[in-house]
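Okay, here we've got a single chain as structure tokens, the form predicted alone, with questions on binding and movement later.
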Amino acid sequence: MQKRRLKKYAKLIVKCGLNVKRGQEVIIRCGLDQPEFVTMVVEECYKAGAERVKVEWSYQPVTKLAYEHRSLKSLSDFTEVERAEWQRKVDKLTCLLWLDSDDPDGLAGTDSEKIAQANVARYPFIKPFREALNGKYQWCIAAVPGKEWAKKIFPGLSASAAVEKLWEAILTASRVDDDPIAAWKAHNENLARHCNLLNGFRLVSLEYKSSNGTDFKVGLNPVGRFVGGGETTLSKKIYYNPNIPSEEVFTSPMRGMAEGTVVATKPLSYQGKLIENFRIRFKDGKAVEVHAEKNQDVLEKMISMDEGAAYLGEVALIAYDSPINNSGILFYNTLFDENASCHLALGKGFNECVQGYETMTTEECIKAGINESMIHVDFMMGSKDMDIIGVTADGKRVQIFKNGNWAI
């Protein structure tokens, strides 16, 4: 891959994704797959004025060994060092960047129950720090190719050729063209136009139907709103893009208002395991029945992580005729596959989807209908023939999607 294009991508992530400002601290979490590119990102952070950049390297085989050999008590432990690190993030409003390159099957064979129990045990310690940071700091998830991930997508190619082809797919989906930052400015403006249209309808519910068996209705929050593209921090009013790429316009639905069956249209990679060919039935807002051809036990554990894990936290609208879907590539990665077509998310909702959230506490947002959970897991359900009808507060029915694409 040409260094010139990679440097453009690094600059896009730092200037448009995180939008690092002078004097800020940055943490970059990444695998060992692309150290040269990580170095480019670190350099761009310092050019943007970062005071301190810390790289936290990880390696899936080592993570897998920890899950296999450490006791549940050890995995559940929340150390004083971790507490201090979280507190520093709160005090400094540290920018966080995740550069994802994980193998979708990298944790296959690990004990899902032990991992789930450890996460449940740790969550009460982490939750106060997350709430203190919510809406106040810049974060971004982007991707770089890992060899195993690339071979999963392109099994017929050599490792080097697969990585090169995945690089090309990532850069194209991320709008790394002649002027990526200008391209993202125009893209954010387009997403904002869709949000304004949807918010103007004052919708109270969405009804989904598709020939694959999806027949589903979800209630929308009366004080909710659709958002998409970039976000602005509450503390310092810094505009940033949390996902590169992103094609979605989304909201958090009203907790307890979802009925019917949703059929997933792409596999879900969750904790290093692939859940394939699955469907979920909702009643009174809750996922009450799940079926999967592969890793159903993982899906069942996921929706039982806590009380809110079986409820919806997000409804996202994305045209089937999207750049990512049109690439014809199944990425086996939520960052990309969720932006190929419409998706839902189980678990935690977004406070920013409530009008006036800026002056509300987390508890007040929950009372307003935002779901609370330790997880937030997106799964794809958009299809070529999906129709979505929006119902307004005065009973009017509006065609939002027709045959998988926007109808407004």
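Just so it is clear, the model here is predicted, and its values are computed rather than measured. Just count from 1 along the sequence shown to find any residue number.
Same protein, other form: the form predicted together with another copy of the chain, not shown, and the subject of what follows.
- The partner is not drawn, yet in the model of the complex one stretch among 372 to 380, 66 to 74, 349 to 357, 335 to 343 has residues with heavy atoms inside 4.5 Å of another copy of the chain: 66 to 74.
- Contact annotation: residue 36 falls within 4.5 Å of another copy of the chain in the model of the complex, judged by heavy atom distances.
- Shown alone here, residue 366 lies farther than 4.5 Å from another copy of the chain in the model of the complex, counting heavy atoms only.
- With a 4.5 Å cutoff on heavy atoms, residue 80 counts as touching another copy of the chain in the model of the complex.
- Heavy atoms of residue 58 reach within 4.5 Å of another copy of the chain in the model of the complex, making it an interface residue.
- Taken together, 129, 133 and 191 are entirely out of contact with another copy of the chain in the model of the complex: none brings a heavy atom within 4.5 Å.
- Think of it this way: in the model of the complex, another copy of the chain has a heavy atom of just one of 179, 111, 85, 321 within 4.5 Å, and the residue is 85.
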